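Let's start with one chain on its own, the form predicted alone, as structure tokens.
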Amino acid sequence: MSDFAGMEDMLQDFLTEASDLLSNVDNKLVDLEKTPDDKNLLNEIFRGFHTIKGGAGFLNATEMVKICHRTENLFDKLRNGQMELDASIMDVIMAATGIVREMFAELSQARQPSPADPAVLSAIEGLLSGQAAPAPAAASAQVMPPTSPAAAVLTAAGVSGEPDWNALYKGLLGENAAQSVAAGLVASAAIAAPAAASSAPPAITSPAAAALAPAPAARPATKTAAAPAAAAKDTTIRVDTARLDQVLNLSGEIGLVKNRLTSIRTSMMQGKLDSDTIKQLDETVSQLDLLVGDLQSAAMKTRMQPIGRLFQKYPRLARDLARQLGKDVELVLIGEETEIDKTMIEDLNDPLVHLIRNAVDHGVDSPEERKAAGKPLKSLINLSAEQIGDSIVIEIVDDGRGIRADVIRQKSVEKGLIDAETANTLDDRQSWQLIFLPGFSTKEQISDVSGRGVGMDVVKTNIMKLNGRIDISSVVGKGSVFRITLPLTLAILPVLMVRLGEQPFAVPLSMVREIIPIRAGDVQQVSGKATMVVREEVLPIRTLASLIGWQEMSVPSFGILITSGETTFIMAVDSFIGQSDVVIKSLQDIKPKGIAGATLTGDGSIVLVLDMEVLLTMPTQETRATLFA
């Protein structure tokens, strides 16, 4: 039986509110580390943590109350000036918040949290008693030393100083964060303490001991603390009541129009077909059209959530990674108020984690490199979001070493991903896209996560699933920009309706550049393949029939300029119907390649929505110029 029988709604409310509060606390802790004398910021952190403790107490989550209370004692000493904040103290506080996040995961399974890691509790008690106080930080801001406390433990364990990416990533998601990191923090605190502190709790006394010490009982692994269920996505959503009021008001107005239409229909069925009746019908249908459009827009807004709820997870991730790598990195969040479809937020998490991790690890140069290049020792990574038209644009911008296109081409050839002849034909922009190929990596040695050539492939795959695209620009020595472009929502998709024979198809409008007529005299043969010159640009022609594997039945009359990533080509079709905003429905029991789903036209016809990204990766027969002769 559940530990929270009859309290499910209360538990869900607590998890939703407290998870947001804890993410906010984590971000403010990162800010506090930069400005340790900011008492207002410390008070905000204190209040957030105290609110979490209060909710845990109401649910009788005793173990969570204990860790929260002890951490509050640390905050109190910092606030009263009895202790000065430095990176080692912050590491212990971060380990404590990681434990609280783990406890959220257990609560999400309707189980009381298990006891906190004794190593972290000992570290907190040592700091409170002054027995194991870390050495004070230098007065001036400095780059973190190459061997951080957790890295020291890893080195002692024989991991060649490679950062424990798994521990850091799990820490972000709430998976055994304390167990993976806390031992090193406590060991570092004990080493840094004066010799007189020998009476400190003897749990761990050296990095080697920390690495070899038996781990406490493992906390059950869960996917994410923020999720209400361990095995399912969060399907709940918080909606502003003003938006719901708008939906209700529009529904009421549509009801009035429906009554008006019913009255007009009754009059027409009784034989009243004069011009006034027809005019009333036309006006009422037009009014209904406007109201339905407004209702659709209002309903869509109920699905929209501020992307800041996703972004707020990452400052701590960047901070922990930078500390592991001996770098000084600040993650700057921009456009947190930008709204995005709730269904897209969870699918964006993994790509953004990979991109931020890569920016800190690969993009940001080392302190020595930055000093030699005359750069500030602190590196800035901007994570921004903005709405541009019907799209959401997310950018990850670093001021690091940049991406050398020639190295990318060389590594791709060495790994057998492309041949040397192909590599010689690629420009820089095309070369940068090679990093998304499965198996691509610039790492010489494979660690737990880095070096297998999987991360960036995951990024590209997940973005494509969201009907988006990712582009790269870079300047060697200056930095790189990763730009993700996504549709505003996945529920409504603007498309261009085309025909192949009598069968209609839908092409995502975001990929359509323009429509042009195809005349036989304009088609040229280049190496036996059909091409056309459009404003001094030679573009290949590929028929829709060849893309989907149909037999060519007729000579296409129109061409659609399609842009997909770095590829631009002309897709030849028989005719086009026009632009439309459609609701995509998935095809049950069957998942044909190259088909994103289906929709209905106004006359009830079924239209297949093409997945152009997938179609372009499938082997197709080249379109010959003779087809248009």
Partner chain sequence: MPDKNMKFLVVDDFSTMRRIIRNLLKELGFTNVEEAEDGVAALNKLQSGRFEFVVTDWNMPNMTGLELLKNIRQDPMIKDLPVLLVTAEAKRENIVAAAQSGANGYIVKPFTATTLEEKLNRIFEKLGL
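Nothing here was measured: the structure is a model prediction, and the numbers come from that model. Numbering follows the first chain given and starts at 1.
Another form, the form predicted together with its partner chain, is not on view; read the next lines as being about it.
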Which of 48 to 56, 595 to 603, 31 to 39, 568 to 576 lines the interface with its partner chain in the predicted complex (heavy atom within 4.5 Å): 48 to 56
Leu21 within 4.5 Å of its partner chain in the predicted complex, heavy atoms: yes
Any non-hydrogen atom of Glu72 within 4.5 angstroms of its partner chain in the predicted complex: yes
Contact of Met618 with its partner chain in the predicted complex (heavy atom, 4.5 Å): no
